[in-house]
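Below you will find one chain, with nothing else, as C-alpha cells; this is the form predicted on its own, and questions on how it binds or moves follow later.
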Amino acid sequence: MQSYYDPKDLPRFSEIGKDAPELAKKFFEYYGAVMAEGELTVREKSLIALAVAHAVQCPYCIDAYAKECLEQGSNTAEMTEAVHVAAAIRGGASLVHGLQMRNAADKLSL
C-alpha cells in the first residue's frame, strides 16, 4: 500500500537545507540545543517529543521519537502514557473551545 509518507524520507531530513542552507543550519543548531540535556533529561525530552509528534500527527516524528525513546531507556508503557497525555491535551483543547461556541450562541440567541 502506497502512502503519502515514505519512511525512507526520514533519513533525508537534512535535505531541507538544500536551497536554504543558512536557515537549515540555524534550525538544526537550535534543534540540537533544545534537545540536549538541560533541566530536563534527553529521555524526558524524547517522551515530550513523542507526545507532541502524536499531537501534530507527524509520522516521521513518531518513528524518530519512538526509536529515540527506546534508545534513551523508556519503555512502551511510558511511551503510551505520553501519547495519552497528548490525546488528553488535544481532546481538552477541543472541548474548551466549546466555550467559544457557547459565547457565540449566546450572542446569536434571539
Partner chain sequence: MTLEPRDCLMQEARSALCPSTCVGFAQTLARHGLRLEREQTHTLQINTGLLCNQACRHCHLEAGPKRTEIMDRETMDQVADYAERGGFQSADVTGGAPEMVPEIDHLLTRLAEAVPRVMLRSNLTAIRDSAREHLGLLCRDLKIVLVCSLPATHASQTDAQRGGGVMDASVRTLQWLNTLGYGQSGTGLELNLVSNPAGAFMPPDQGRTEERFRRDLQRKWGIVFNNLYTFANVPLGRFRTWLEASGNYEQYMTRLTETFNPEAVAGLMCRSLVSVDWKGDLHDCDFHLAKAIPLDGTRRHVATMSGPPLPGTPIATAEYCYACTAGAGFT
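Positions refer to the first chain, counted from 1. Keep in mind that this is a model prediction, so the values were computed, not measured.
There is also a form predicted in complex with its partner chain; it is not shown, and the following applies to it.
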## Note on the structure
The one residue among Val85, Ile48, Ala55, Val42 placing a heavy atom within 4.5 Å of its partner chain in the predicted complex is Val42
### Message
Although the partner isn't part of this model, could you tell me whether Gln100 comes within 4.5 Å of its partner chain in the predicted complex, counting any heavy atom of the residue?
### Response
no
### Query
Is the gap between Ser94 and its partner chain in the predicted complex 4.5 Å or less for some heavy atom pair?
no
### Message
Residue-level question: is Thr76 within 4.5 Å of its partner chain in the predicted complex, judged on heavy atoms?
### Response
yes
### Query
From first to last in sequence, which residues of 31-68 have any non-hydrogen atom within 4.5 angstroms of its partner chain in the predicted complex?
Tyr31, Gly32, Ala33, Met35, Glu37, Val42, Arg43, Tyr60, Cys61, Ala64, Tyr65, Lys67, Glu68
